[in-house]
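Take a look at this one chain, the form predicted on its own, written out in structure tokens.
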Amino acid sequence: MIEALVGILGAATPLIYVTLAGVLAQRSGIPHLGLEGLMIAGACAAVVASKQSSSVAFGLAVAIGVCVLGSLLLWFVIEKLRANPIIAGLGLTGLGLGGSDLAIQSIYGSEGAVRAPFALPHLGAWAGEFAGLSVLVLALPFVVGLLWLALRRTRFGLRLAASGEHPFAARSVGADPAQMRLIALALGGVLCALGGAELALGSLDVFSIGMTAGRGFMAFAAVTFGAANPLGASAAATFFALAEYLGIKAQLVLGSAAPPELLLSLPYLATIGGVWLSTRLRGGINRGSTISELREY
């Protein structure tokens, strides 16, 4: 039982960090399809910078800088160039995937995987069977709780929600929707960097090309499934991580008795099922005017 819990926490933590970034963007009115690109950019930057400097702290700082810059680029394209948020997000994902591949090829030649000299600090012996988990796992409940409080119980959260749902009304009470979206995306960049660093330097200390394997899109689905609520979205991300863990365990237990492709597809099937269920429970896809307001104001 403890082993399963450790495995689920290890799989869920990077996904939840990126999901929280999607929650911030969604609350500001931007459907963030660039999560995948930011996550892999953060993972790549964390490993490369850590390897080059022999410092995990420096690698994490570089990852945060790279992801925040990517988020600012997305904000500029959407707010200043009036690009469609969905297309801009997909473009950012392509930039992150292609850019990380190019960076690895340029720095290390044809090497497909790069091993860092250090991993993130682990909890240590005091945590017992959870000793192998990183400090970002321990910090996660506090991050989720603080974000929930910020979005639900502060003026910032109310202004952010107003900017996402009714930008014209938000401006009438003194909130600048563009500024609120900038803050939301920048904070989301930090969270994506933490998620990418946890994926590459948490239980592992290696970066491989394409290692996010669609987790950014799972995070986007978790935001939808959880109604852009930090608690609900985190629960949805944990459910997807559970499906991933069960797929890996089933592959180890069943071996060749079941097609490995089917078992590895379980988290993606769970993602599709979760999005379908969330739309059914809410009476269909919400065809609100968020994007049109974002483009018109």
Partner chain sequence: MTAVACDDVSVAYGEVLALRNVSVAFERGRIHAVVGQNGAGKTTFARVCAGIVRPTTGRLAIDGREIRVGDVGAARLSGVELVHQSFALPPSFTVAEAMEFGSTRRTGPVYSRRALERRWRDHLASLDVAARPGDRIRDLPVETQQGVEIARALCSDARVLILDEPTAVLAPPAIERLFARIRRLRAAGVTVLVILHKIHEVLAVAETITVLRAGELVATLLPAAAMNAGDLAHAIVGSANVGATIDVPAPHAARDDKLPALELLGAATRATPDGPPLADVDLTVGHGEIVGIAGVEGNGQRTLVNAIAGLCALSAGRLNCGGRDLTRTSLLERRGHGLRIIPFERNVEGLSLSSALWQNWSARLLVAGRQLRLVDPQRLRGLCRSALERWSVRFASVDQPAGALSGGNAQKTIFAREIDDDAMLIVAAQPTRGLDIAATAFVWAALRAARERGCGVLVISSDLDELFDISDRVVVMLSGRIVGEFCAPYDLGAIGAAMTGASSAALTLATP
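Numbering follows the first chain given and starts at 1. All of these numbers come straight from a predicted model, not from anything done at the bench.
Below: the form predicted in complex with the partner chain, not depicted.
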(request) Tell me, out of 169, 72, 86, 139, which residue has a non-hydrogen atom within 4.5 angstroms of the partner chain in the predicted bound form. (result) 169
(message) Since only the chain is shown here, I'm wondering whether residue 154 would be in contact with the partner chain in the predicted bound form (any heavy atom pair within 4.5 Å).
(response) yes
(message) Considering non-hydrogen atoms and a 4.5 Å limit, does the partner chain approach residue 205 in the predicted bound form?
(response) no
(request) Classify residue 173 as contacting or not contacting the partner chain in the predicted bound form by the rule of any non-hydrogen atom within 4.5 angstroms, answering yes or no. (result) yes
(message) Taking any heavy atom pair closer than or equal to 4.5 Å as contact, tell me whether residue 144 reaches the partner chain in the predicted bound form.
(response) no
(request) Could you tell me which of 72-80, 146-154, 217-225, 96-104 sits within 4.5 Å of the partner chain in the predicted bound form, going by non-hydrogen atoms? (result) 146-154
